[in-house]
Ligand code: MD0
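In the form predicted alone, a lone chain appears below as structure tokens.
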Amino acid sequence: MDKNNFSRDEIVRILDSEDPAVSDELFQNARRIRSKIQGDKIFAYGFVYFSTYCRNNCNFCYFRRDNGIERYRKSEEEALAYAKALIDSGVDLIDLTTGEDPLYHQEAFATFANIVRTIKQDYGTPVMVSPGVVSHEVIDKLREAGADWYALYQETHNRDLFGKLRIGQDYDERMNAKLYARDSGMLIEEGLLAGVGETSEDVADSLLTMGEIGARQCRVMSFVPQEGSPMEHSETPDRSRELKIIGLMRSLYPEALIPASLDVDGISGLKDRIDAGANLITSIIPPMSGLMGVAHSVMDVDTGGRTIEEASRILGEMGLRIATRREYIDYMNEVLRK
């Protein structure tokens, strides 16, 4: 097995293999790569989902426009208070996320930019923005305010499947938004969903596309059925597929940031994803904040499972630790931006 330069056929073979030895070799190699590049450090992101309103009707999403759920918009002051609490707890970056909220699109994202500016300039903390598809003008405003990252997921790079998942949305418009952000000097994150009808060939194409577009953070999450959505009664996939994809990402892109998301299985899923080669914990959320996650909107939040303290405890048992913010900034500037 060529450890770091898999062909499309080799990726498919690994994904389809039921031999535990194949997975074990993949994960061991992924951990070796991570250790060689960043030692015992694991990065950690605080998650502030400050508006759950969305104009889109994605078939897989709990927050889709037509789902009759209770929603919220947090004020600028509330969002900053949550961000500050997360920063004080020890996260390395704040991920500012919103649905494609019609209010923000109408108001040219002035509030969003103000939040970014305060976190970056006053709190001295890197920022990822996840506002969905926005205009080049808005991307410029967020970048000028200090945003380091633009996260925008295709979920699949099979255009037909994309159309079934993201109803009424344009594949190229979504792709071109993140390519513009990249060309404007921002780091970009790309992501895919596992278990939404994709083939192993589709996954291989997605993994290779991530490298082609220069994504410096690559994410995979297993599909979780959402109440009230058209895919509510679909099955969630066996997690072995997500873990293999994490291992393949690490092998293909040794320096990339690859999340272990607490949004899929909560804190109980952290160890397996780190063991598969992830080097980043995402979806750390302050307890009792009223903030929601995405795949699991409330799992482990108010019980304190999605905190730096709990993640640090698990990492400590694995001989790992949460990186300092300075270490993350150095990695971002010296490794990812080179």
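Worth saying up front: this structure is predicted, and the values here are computed from it rather than measured. Residue indices: 1-based, along the sequence shown.
The form predicted in complex with the ligand exists for this protein as well; it is not shown, and the discussion that follows is about that form.
- Contact annotation: of the candidates Ser251, Ser130, Ser206, Thr125, the single residue with a non-hydrogen atom within 4.5 angstroms of the ligand in the model of the complex is Ser130.
- This chain is displayed alone, yet in the model of the complex one of Ala256, Ala79, Val138, Ala151 has a heavy atom within 4.5 Å of the ligand; that residue is Ala151.
- Mapping the unseen interface onto this chain, Asn279 falls outside it, with no heavy atom inside 4.5 Å of the ligand in the model of the complex.
- For Ala145, no non-hydrogen atom is located within 4.5 Å of the ligand in the model of the complex, even though that partner is not displayed.
- The ligand in the model of the complex is approached by Met221, whose closest heavy atom lies within 4.5 angstroms of it.
- In the model of the complex, at least one heavy atom of Val294 sits within 4.5 Å of the ligand.
- This chain is displayed without the ligand, yet in the model of the complex the stretch 279-287 from 279-287, 25-33, 307-315, 265-273 comes within 4.5 Å of it by heavy atoms.
- Residues of 69-102 lying near the ligand in the model of the complex, listed in sequence order, are Asp95, Thr97, the criterion being any heavy atom within 4.5 Å.
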